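Only one chain is shown below, in structure tokens, and it's the form predicted on its own.
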């Protein structure tokens, strides 16, 4: 199942990607995104964020995670991922659902009498 995918760069150079390695890297990022959504949802609920401010907190959390992944991969990010945009947008709604579930649960536990 370790197929090699090739693409051509803007300079004309052919780049080969290991499909198994790319899947593993994306899986690790998705695990981080799900964990981040749960943790930031808990934080938003405990802080008492509501409405638009709560959703802005999620968008900020996703953006910070994206920046951290890019910093961790360094200038050689092309060795680990095909493009940077997919790191930001992949599983965005799934993480949002996790975030909202934890956010509303902790908000109810901490702020509703």
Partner chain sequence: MGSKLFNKLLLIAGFASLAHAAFSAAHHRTYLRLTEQEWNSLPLDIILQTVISLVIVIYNIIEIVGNFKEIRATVDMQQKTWDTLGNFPSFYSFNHRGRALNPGYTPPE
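Residue numbers count along the first chain shown, from 1. Everything numeric here is computed off the predicted structure, so don't read it as measured data.
Below, we turn to the form predicted in complex with the partner chain, even though it does not appear here.
Q: Using 4.5 Å between non-hydrogen atoms, is residue 53 touching the partner chain in the predicted bound form?
A: So residue 53 does not count as contacting the partner chain.
Q: Does the 4.5 Å heavy atom contact test between residue 31 and the partner chain in the predicted bound form come out positive?
A: Residue 31 belongs to the contact set for the partner chain.
Q: Is there any non-hydrogen atom of residue 97 lying within 4.5 Å of the partner chain in the predicted bound form?
A: Residue 97 lies outside the contact set for the partner chain.
Q: Evaluate residue 86 for contact with the partner chain in the predicted bound form, applying a 4.5 angstroms cut-off between non-hydrogen atoms, and reply yes or no.
A: No, residue 86 stays farther than 4.5 Å from the partner chain in the predicted bound form.
Q: Would you mind checking 47-64 for residues with a heavy atom within 4.5 Å of the partner chain in the predicted bound form?
A: Residues within 4.5 Å: 47, 48, 57.
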